[in-house]
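Next come structure tokens for two forms of one protein chain, structure 1 first, structure 2 second.
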Structure 1
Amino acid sequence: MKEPTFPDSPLADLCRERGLKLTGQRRTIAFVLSDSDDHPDVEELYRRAVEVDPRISIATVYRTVRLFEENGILQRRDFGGGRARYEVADGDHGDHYHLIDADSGKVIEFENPELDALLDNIVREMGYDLVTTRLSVVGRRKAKPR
């Protein structure tokens, strides 16, 4: 059986750095994730992974995605629709947020330092340190963009 060849992805390196065993499947999944700039669910990740290496099972995708989330490599998102979706975790810099088009369901990412700061403040004043922010706003395209 032939091993598919592709370079180690940034996420694969991250995986090794965290002391996780870098198996072929994890290498593949990490590659696929590094290559994605959207928010795939597990089914979709599995589809993409199989393209790269058919010797992979959906159970492993579930396992890997969970492992990566526990290790801060991935973040799980819920945009409705019943299945969890994943994206590469933000670095130490600013978080990013999601605007969901109420009609099309399309997900638009945005950043906003002012929002970062305000949230940090609010949480601190309540006596907590901010760990994660899960924010998605649902919006409807304005009828008359001026």
Structure 2
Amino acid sequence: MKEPTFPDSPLADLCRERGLKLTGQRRTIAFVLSDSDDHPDVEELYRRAVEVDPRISIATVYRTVRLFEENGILQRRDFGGGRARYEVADGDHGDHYHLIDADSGKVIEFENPELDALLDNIVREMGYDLVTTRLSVVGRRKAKPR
């Protein structure tokens, strides 16, 4: 079976910047992660990667995710539900927040300049400079009025 080819992905670029060797399977996993608009767990990432390259094993995905995390390429997120999820940890992504749907578990990213300013003020009042934020809130969609 021929190895799949992909256009370069932002995550593959980060790997190169950090000096990681990009094997074919790592390139596949990097492509799948870069193409994700959600926060997949390892098993979901494996399902997506196998669709691209059936030779990838779950062990390879676990090792690659750990390697990417150790090298600051991925960030582990815990949104509850007992499974770690991952997102690209590039500096261009910026500070953002996560709204978790209490019923579906769906994670929605959002930015809010007013919240940024509020958190910065709180931290400054405590005698610190804000470096980064990690904020997750859980909400339930309001029922539509009848």
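Here, residue number means position along structure 1's sequence, counting from 1. Here, rigid core means the biggest group of C-alpha atoms that superpose within 1.5 Å across both forms. Being a predicted model, the structure only gives us computed values, none of them experimental.
Between the two copies of this chain, it is structure 2 that is the form predicted on its own. When two forms of a protein are overlaid on their rigid core, residues whose CA moves 2 Å or more are considered shifted, and residue 54 is not one of them between the two structures. Residue 120: CA moves 2 Å or more between the two structures after rigid-core fitting. For residue 136, the Cα coordinates differ by under 2 angstroms between the two structures after the core has been superposed. Superposed on the core, the two forms differ at residue 103, whose C-alpha moves 3.0 Å between the two structures.
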